[in-house]
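What follows is a single chain, given as structure tokens, in the form predicted on its own.
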């Protein structure tokens, strides 16, 4: 049992913060931002190489950069920040002490050590096997060892989070059910345990294969089990960033979900069905049965899609309900027009929600359809979809939360508040356009894994249409715009921590980076009631029409692949 000396009271929010949890949240968040910078630099190298007019890197450096980019942004940046979210949702929102801080620190150092080991293996030049590391391609043993150590460290962090929930329940630091944001974090942590377990199941034998103790790894078996980790790691991100959406809606507007029970049910559907989406990477594999493919892509996956649509309705609906209660009732969209668009926490949250649905969600369902998958599989469409989920969905949501969380935890003012207002637009629109251009190039057949789309050195060269070259050029320009936005975010976060003015001594700003939190809403339980949200339902209908049109346009495109005579 900790005494009150182990806690501090946040002057902005009134939250009771356990000091060991405070420190762990800070260290995990800062480390996450550092790896976002490293992975982003590699990503720019990849984008500028795929831009035919620039073609920056030679082949060996391209595959090295592609491997490091995937590992550092898809796993390391995301999971370090998610550890910070777990400790925040567990200890801070529940007003509890953190379970086993020493174990949490062991987990942190294992994650950091594992990430460094794998990065060194990649930079050494003998492990350029890309993020998927498909056998029979073989990386150095420390490439696999680093990922395993990183994963075990993350597993320890999840166990600390679960232990914190038990302590909070036993010590009665909250009443009733856990808050919805914490419930979303529980969903992310449960999916993380599944993800890490499947990673261990496949990467430990692969490590032994790389050192010569296992003679053969079946390539189809490897893909099936690896994607249970590789794609489910994104499902951790989805659950976490939707929990962040609910948190930001409460922080910025005092909003409650339209129906908390329905929102919780949607999170439960994620636990049960979301991992099935990993099958869309396997739909062209000849070694898997049609029954497996049809079940995953035609029946069960729809329940995960239903859950995402529930969240996509109730999150903006809760904001509209809160705004209408404040008097913004004129027309369908006054509540949206009068939202704080100059606040980076809100603009990042809003752009994340819209682009995750329109870019990541629609493209994911289309790619997850067995018949349609064949026209996009292993094309640039796939990384286009990733950037619509991981980047403009999860990363932008985490950035939006950071604009509130960093000034609150460090009690410092943002160093570049003017730039912060523009950052979500630069990053979100830049990377959103990159996603669109990659999906456009993929629709025209540009391969996702080839260093040179012009095939200039091939024995049998192939020239893609001029539109494909244009798409990849525009992708490079969009990546540069997004890179500028990412740089501003990193400068703001690091600068605020290092030399931001202490809040108690800072002059009052005309517009603060985020509104004061509503801890009774974020950490409480309840629904918005029966208030009508016509603006949200109108936007939902726009989304549905776009979804249906795009889905059937791709069936038309598939029908045109084979001519009949």
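Predicted model, so just to flag it, every value in this text is computed and none were measured. Residue numbers count along the first chain shown, from 1.
Same protein, other form: the form predicted together with a small molecule, not shown, and the subject of what follows.
- Residues of just one listed stretch (478-486, 99-107, 254-262, 333-341) have heavy atoms within 4.5 Å of the small molecule in the model of the complex: 478-486.
- Comment: the small molecule is not present in this chain, but in the model of the complex one of 307, 353, 111, 78 has a heavy atom within 4.5 Å of it, namely 78.
- Note on the partner interface in the model of the complex: the residue among 47, 33, 533, 64 having a heavy atom within 4.5 angstroms of the small molecule is 47.
- Shown alone here, residue 326 lies farther than 4.5 Å from the small molecule in the model of the complex, counting heavy atoms only.
- In the model of the complex, the small molecule lies farther than 4.5 Å from every heavy atom of residue 127.
- The small molecule in the model of the complex comes within 4.5 Å of no heavy atom belonging to residue 241.
- The small molecule in the model of the complex comes within 4.5 Å of no heavy atom belonging to residue 169.
- For the three marked residues, 74, 380 and 383, a heavy atom of each sits within 4.5 Å of the small molecule in the model of the complex.
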